[in-house]
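So this first bit is one chain, no partners, the form predicted alone, shown in structure tokens.
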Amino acid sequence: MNGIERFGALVLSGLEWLGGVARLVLRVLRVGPRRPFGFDDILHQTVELGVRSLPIAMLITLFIGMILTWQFGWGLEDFGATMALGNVVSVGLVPELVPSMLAITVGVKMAAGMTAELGSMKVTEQIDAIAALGADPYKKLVWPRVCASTLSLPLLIALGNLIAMLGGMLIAEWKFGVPAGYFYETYIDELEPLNYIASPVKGVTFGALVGAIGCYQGFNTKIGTEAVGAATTDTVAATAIIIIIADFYLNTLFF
């Protein structure tokens, strides 16, 4: 009975958390599009979340392309089919690995940063001060961050697809003797329009989830300096789990 009670409490807390995130999203969608649109705040957050994540995104996707190409090349080499390396690698990288890995790494970094920043503002009562001055904290703080993450992540994924292809091209020619031009041609030929659509759709979805979870955790940080660290840790776990689940359902939708 104790185990059943603990499981029930866990399920209820999870549903309450999902409801809180949904309420935040609905409120942001209601107040965000109103004037003023806050383009300066959105641009500032895009630089903070997206532009400053470029180095880590490029490094991760470069090695993702190299690792996947090496693994597939090692398997195809036994069958004498290394010339099909571009065909095999492309369908693994573009619609799946690059979007999901960048969301789990760079996206989680974005969400944790939002939680830490907003959590510190919550602890020091800056959010209450904004509301006391007559401004809507959701409009001022949440709307720019959600817009910036929703815009930044698909752009990082688009760049990551290019970097991953270059990494795969490097390994294919250096290790398996597949000419770079032939690897590129087979890489592009194998991709269907649905693959090109799936990648940015996943990027937009993951970006919106990252912004919503990060801001929700920050706004619901408990009072105390230790609470900020606890909220940030919870954000990392929650964001990674939600992204994996969303990735599964998006794959069932597209493929």
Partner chain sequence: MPEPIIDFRGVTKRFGEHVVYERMSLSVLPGETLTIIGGSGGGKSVCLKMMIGLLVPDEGQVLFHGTSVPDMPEEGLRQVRRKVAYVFQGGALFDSMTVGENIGYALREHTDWSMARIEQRASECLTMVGLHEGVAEQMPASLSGGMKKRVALARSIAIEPEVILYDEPTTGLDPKNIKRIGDMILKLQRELDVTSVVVTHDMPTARKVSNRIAMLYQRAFPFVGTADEMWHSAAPEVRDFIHGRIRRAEQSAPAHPVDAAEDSRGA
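Residue numbers count along the first chain shown, from 1. Everything quoted here is computed from the prediction, not taken from an experiment.
In what follows, reference is made to the form predicted in complex with the partner chain, a form of this protein that is not presented.
- Task: Quick one: find which of 217 to 225, 196 to 204, 64 to 72, 48 to 56 has residues within 4.5 Å of the partner chain in the predicted complex by heavy atom distance.
- Result: Of the options given, it is 217 to 225.
- Message: Can you work out whether residue 127 and the partner chain are in contact in the predicted complex, taking contact to mean some heavy atom pair no more than 4.5 Å apart?
- Response: So residue 127 counts as contacting the partner chain.
- At the 4.5 Å heavy atom threshold, is residue 134 in contact with the partner chain in the predicted complex? So residue 134 counts as contacting the partner chain.
- Item | Proximity of residue 140 to the partner chain in the predicted complex, heavy atoms at 4.5 Å | Flag for residue 140 set to yes.
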